[in-house]
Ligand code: ATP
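One chain comes next, on its own, written out as structure tokens in the form predicted on its own.
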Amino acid sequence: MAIAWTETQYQRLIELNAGEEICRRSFASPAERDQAFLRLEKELRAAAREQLERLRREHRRPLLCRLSSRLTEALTGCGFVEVSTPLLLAKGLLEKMSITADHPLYKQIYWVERGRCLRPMLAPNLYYLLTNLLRLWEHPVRIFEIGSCFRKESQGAHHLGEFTMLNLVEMGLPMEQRQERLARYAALVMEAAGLEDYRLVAKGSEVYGETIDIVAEGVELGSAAMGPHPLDENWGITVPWVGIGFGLERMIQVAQKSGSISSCGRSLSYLDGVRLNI
């Protein structure tokens, strides 16, 4: 009978970023398993200390920050303007995105006070900005934002309560160029993230209806939509557009082949993917 890791051992190996092959190992006896665990934990702790030392002496910035910088450089180099919007979101902006009390996402929102919440997505703020920028700037208008969003997600291998989004949008482009632009911008972002093996997959969305997901290693890393869209009327927008939202922690998780997304985001327990209880 094959013996697997104990639950405690398995969780510790996940914390130390053991690979999938290691986590699936089996043994002939508990004694053999326990000896293997002690040896592996020692090796993984040593590797983690080396990674922390590289952060201190070489990188000086965690991977999440480095990825954000690479994406910013790629997008500004392609003509996008970076924007920065508030973390607090008015309830009325959510309602313009069709997120009302009967919407499935409504219960996942962190309400701070009456009528205001921590933003669960960047789209309402970008829509708001674009109502003015489309009037002030020559078309097409290209903007993006990278920042924290908050949602009471189901806990799991690919979900966080606080996560980092990249949202990019181009508005006022020719209708017939939307599909090509969407594919181009998805490729630009994925290349900057070091993830060139991906697929574009059509899927339904609770907000936008039909969307196109960017999928790598079976994980949804981003979701894209095109307009004109029924939501545009709420903002007085009539021009064609394309937009994509990416989750940076998921991109890091897939690129690093990490078993836990918790190690990829903002944390007091991890630094640059390294569990600090080593």
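One-based numbering along the sequence shown. Just so it is clear, the model here is predicted, and its values are computed rather than measured.
Keep in mind that the form predicted together with adenosine-5'-triphosphate (ATP) is missing from the display, and what follows is about it.
*Asks:* Is E153 a contact residue for adenosine-5'-triphosphate (ATP) in the predicted bound form, using a 4.5 Å heavy atom cut-off?
*Replies:* E153: contacts adenosine-5'-triphosphate (ATP) in the predicted bound form.
*Asks:* Should I261 be counted as a contact of adenosine-5'-triphosphate (ATP) in the predicted bound form, where contact means heavy atoms within 4.5 Å?
*Replies:* Within the cut-off, so yes.
*Asks:* Contact between E220 and adenosine-5'-triphosphate (ATP) in the predicted bound form at 4.5 Å, heavy atoms?
*Replies:* Answer yes; at least one heavy atom of E220 falls within 4.5 Å of adenosine-5'-triphosphate (ATP) in the predicted bound form.
*Asks:* Would you check, heavy atoms only and a 4.5 Å threshold, whether F163 touches adenosine-5'-triphosphate (ATP) in the predicted bound form?
*Replies:* Yes.
*Asks:* Name the stretch, out of 30-38, 241-249, 46-54, 228-236, where some heavy atom lies within 4.5 Å of adenosine-5'-triphosphate (ATP) in the predicted bound form.
*Replies:* Selected range: 241-249.
*Asks:* Among the candidate residues H139, R184, K91, H159, which is the single one with a non-hydrogen atom no more than 4.5 Å from adenosine-5'-triphosphate (ATP) in the predicted bound form?
*Replies:* Flagged contact: H159.
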